[in-house]
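First, one chain by itself in structure tokens, the form predicted on its own.
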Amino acid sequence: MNGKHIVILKGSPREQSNSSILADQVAAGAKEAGAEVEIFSLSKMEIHPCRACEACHASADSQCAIQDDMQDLFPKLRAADGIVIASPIYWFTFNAQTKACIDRWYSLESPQGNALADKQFALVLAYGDTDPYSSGAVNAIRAFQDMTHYLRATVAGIVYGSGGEAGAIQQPKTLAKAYELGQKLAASG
């Protein structure tokens, strides 16, 4: 172990989805390079949408008022050296499970900044169309870039690929890129 802690957030409701396969390759690369990896399947978690109640910003030590599985995930995100977002593209961007989780990161803001600032981030996407433009993956990529810029975070990399049916993403080049991204996350610092 090299001491790196990587959190992977899988957004797909399908266990053997294309984005999950790529995320597993990222995990394998990171583990091979000595990182500790935790994987969370967001579709199996109870994650409610942000209510915009502002309870998380009522005082300097306030937290999110919604009692769901994000309460267990928040400390994992805070402690992570690297965070991987793995999502299928649904209707031209992240799927709802992924977006609900990301929206809740709003509660990680404080007068001192965001708890996710300065972390390493990676993005893994799978879509059923032929390219990132017609599929809408570019929208998710742009949102990811804007988000990481806002957080002052470092982008370790982005891997994406086409695969309509579950398991269709298994092109050797795409799998190798995902594995290499995991190694890069484990080695960066």
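When you see a residue number, it is the position in the sequence shown, counting from 1. Given the structure is predicted, the values throughout are model-derived calculations rather than measurements.
Below, we turn to the form predicted together with a small molecule, even though it does not appear here.
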4.5 Å heavy atom contact, residue 174 to the small molecule in the predicted bound form: no
Considering only heavy atoms, tell me if residue 46 and the small molecule come within 4.5 Å of each other in the predicted bound form. no
Would residue 90 sit within 4.5 Å of the small molecule in the predicted bound form, counting heavy atoms only? yes
When the contact criterion is heavy atoms within 4.5 Å, does residue 34 count as touching the small molecule in the predicted bound form? no
Heavy atoms within 4.5 Å of the small molecule in the predicted bound form: which of the stretches 122-130, 23-31, 49-57, 66-74 has them? 122-130
